[in-house]
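Presented as structure tokens, the chain that follows is alone, the form predicted alone.
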């Protein structure tokens, strides 16, 4: 559907260098990277808002590089949503349809359809300045979809939302995508968001693509030191043996530690688990004892806004991650004993 071929661009201190990507028809594709990696410029190049220094962009085999933004048939939702404060919600949604000479009846049908899809029917007569962040996001998406675009571009769509609202709207975005089947390119710096949303993803760093693949391929098989550092090197555990315990579950013993996980076929020699999927607490957690262990903190390493902990459990060392504020609240020190939960659904056979 979309072929990005050797594109390069400059926007102040932000750059793209020889970007090549193939994005499939109907795919939900996520571009993830740290601040300043070039994510927004990439979307602006696709939307026609940035001039390329080289390369070309094709959609369905057509070279759109020389085509002006308004004729590219792309829906673009920028980081700040860019809603018009002097218009109400209905007027914002139909703004891009005004030049198309659509009848009043067709306009109302289009607005009603989008309002139902995005659950904003009750907001249509509201001024956008009175809306919450989540409501503004849905209105911005409705406006982008109103022109029936071939591709939807989303720039940090959850960036200004609180955690609870962002979680809800991630589910909503997946529902819209399933219903519409529209090719979507979503950029974010949030790895959890990327893992939940992407069918495939690209890691962008300093204007260059570091790796492209499914979330499992990227998270569990990083291909460069940067990707490994950025996502957090996964725990890879050698298994001594394993037993089938029925119901699609096995018990794998790794370094004397019995770990239960889902598995249906093939030998099990190694398990893998991302550091963020190791839950750490200083108190005995409630609930059943599946995949719950005690361990000793061997090493503490600050990394960006996270704290990485190396914890010895039995004969194995597990890497875990904690947000800095939670780490400080628990007052963990080297040599302290902590409780761990290994999230069953996050464990993989390597």
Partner chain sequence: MKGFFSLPGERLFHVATLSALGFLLLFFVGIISSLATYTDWRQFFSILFSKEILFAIRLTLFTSTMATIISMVFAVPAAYAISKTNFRGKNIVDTILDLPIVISPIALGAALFVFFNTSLGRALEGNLMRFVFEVPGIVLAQFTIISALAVRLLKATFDSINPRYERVGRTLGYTKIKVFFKVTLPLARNGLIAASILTWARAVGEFGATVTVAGAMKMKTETLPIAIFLNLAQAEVERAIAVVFVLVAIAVIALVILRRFTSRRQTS
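Numbering follows the first chain given and starts at 1. Nothing here was measured: the structure is a model prediction, and the numbers come from that model.
Just so you know, the form predicted together with the partner chain exists too; it's not on screen, but the next bit is about it.
Enquirer: The partner chain isn't shown here, but in the predicted complex which of 298, 290, 58, 49 has a heavy atom within 4.5 Å of it?
Expert: The residue from 298, 290, 58, 49 that makes the contact is 49.
Enquirer: Considering 129, 269, 121, 174, which brings a non-hydrogen atom within 4.5 Å of the partner chain in the predicted complex?
Expert: Residue within 4.5 Å of the partner: 129.
Enquirer: Answer with yes or no whether residue 68 is in contact with the partner chain in the predicted complex, where contact means some heavy atom within 4.5 Å.
Expert: It does: once the partner chain is placed as it appears in the predicted complex, residue 68 has a heavy atom within 4.5 Å of it.
Enquirer: With a cut-off of 4.5 Å between heavy atoms, is residue 180 one of the residues that contacts the partner chain in the predicted complex?
Expert: Residue 180 lies outside the contact set for the partner chain.
Enquirer: Using a 4.5 Å heavy atom cut-off, state whether residue 147 contacts the partner chain in the predicted complex.
Expert: Result yes; residue 147 sits at the interface with the partner chain in the predicted complex.
Enquirer: Please tell me whether any heavy atom belonging to residue 96 falls inside 4.5 Å of a heavy atom of the partner chain, as the geometry stands in the predicted complex.
Expert: Contact with the partner chain, yes.
Enquirer: Among the candidate stretches 190-198, 236-244, 221-229, 81-89, which one is within 4.5 Å of the partner chain in the predicted complex when only heavy atoms are counted?
Expert: Contact criterion met by 81-89 only.
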